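Let's start with one chain on its own, the form predicted alone, as structure tokens.
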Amino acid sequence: MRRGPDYLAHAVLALGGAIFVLPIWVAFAGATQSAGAIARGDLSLLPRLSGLRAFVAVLGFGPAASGGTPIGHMLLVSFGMAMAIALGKIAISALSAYAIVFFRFPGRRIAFWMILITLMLPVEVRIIPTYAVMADFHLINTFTGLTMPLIASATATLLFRQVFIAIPDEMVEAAKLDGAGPIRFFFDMVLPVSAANLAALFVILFVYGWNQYLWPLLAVTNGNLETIVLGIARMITTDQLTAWNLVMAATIWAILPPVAVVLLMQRWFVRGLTEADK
């Protein structure tokens, strides 16, 4: 017997979609209107075609609190930071999990549990000692200092470990018989098997790096290294009329890169999550 459409499920999904899309639509519509109208509360939900130039104008706009650094430059800094964090986390976590799973050395389990314990210490708890270490190495106000403390990831190491454990022993023995060393086995067999999980982790870690606020706020006082998230916060001033149309335009620009990454890698992302559950 063929069942009809589940209208309740579709209604719930439609409501959930509307809840997520409505704020984005309000920001898009607000970007096309004047700052004065928005400040007065005269925000219309219908965008104005004549105001679309705000999306181009905001790329060259530099908040005074950021030393006049353009929003377009901040987008590039955020992209570079997100890429460095995502690729760095994947590289370090994959190698760490590979060593824990396939190598037999004293203290292997202790090393894994030490990594796992760091899950109980969020960035906010270790932010002051992290800042002190970066300051001692003179890495404050540098791109290295902006990204390095966020590269290590216990979560990614745990996920890679779960994937690597599922690799059958027969594959390991076959690689040894073929004369493959540890490095060749890692690149030629382990990574291809984990391709879907790598893609899923890349999406998650890219969004994580893109949305960082607390650490860049502390580690950067130079406007040339400010991220788009910081830039949007700097645009909201209290001593003068805030250009809310430019703030909303910058917000739309800030949303686009992570959304594009998710859409472009959606198939791999879903496949990686479902394979991880197996």
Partner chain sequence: MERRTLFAGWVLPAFLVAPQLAITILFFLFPAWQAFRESVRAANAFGLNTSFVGLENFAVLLGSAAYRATVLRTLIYCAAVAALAMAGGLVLAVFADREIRGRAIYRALLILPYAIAPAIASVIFTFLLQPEIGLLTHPLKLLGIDWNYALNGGQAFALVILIGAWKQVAYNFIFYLAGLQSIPRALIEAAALDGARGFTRFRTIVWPLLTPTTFFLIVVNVVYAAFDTFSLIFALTGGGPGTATETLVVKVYRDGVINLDLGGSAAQSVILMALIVGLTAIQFRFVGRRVTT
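Positions refer to the first chain, counted from 1. In this text, the rigid core denotes the largest set of C-alpha atoms whose superposition between the two forms falls within 1.5 Å. Computed from a prediction, not measured in an experiment: that's the story for all the values here.
We do not show the form predicted together with the partner chain, though everything after this point is about it.
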- State yes or no: in the predicted bound form, is some non-hydrogen atom of Thr251 no more than 4.5 angstroms from a non-hydrogen atom of the partner chain? yes
- Query: Does Phe143 reach the partner chain in the predicted bound form if we count a contact as any heavy atom within 4.5 Å?
  - Reply: no
- Query: Do Phe185 and the partner chain share at least one heavy atom pair within 4.5 Å in the predicted bound form?
  - Reply: yes
- Task: Report yes if any heavy atom of Ala99 sits within 4.5 Å of a heavy atom of the partner chain in the predicted bound form; otherwise report no.
- Result: yes
- Query: Any chance all of Ile38, Leu43 and Ile232 sit within 4.5 Å of the partner chain in the predicted bound form, going by non-hydrogen atoms?
  - Reply: yes
- Contact residue in the predicted bound form, from Leu87, Val207, Leu198, Leu75 (heavy atom within 4.5 Å of the partner chain): Val207
- Message: Pick out the residues of 244 to 259 whose heavy atoms come within 4.5 Å of the partner chain in the predicted bound form.
- Response: Trp244, Val247, Met248, Thr251, Ala254, Ile255, Pro258, Val259
- Item | Threshold 2 Å Cα movement between this form and the one not shown for Ala39, core superposed | yes
- Query: Is it true that Met265 shifts between this form and the one not shown by 2 Å or more at the Cα, once the core is aligned?
  - Reply: yes
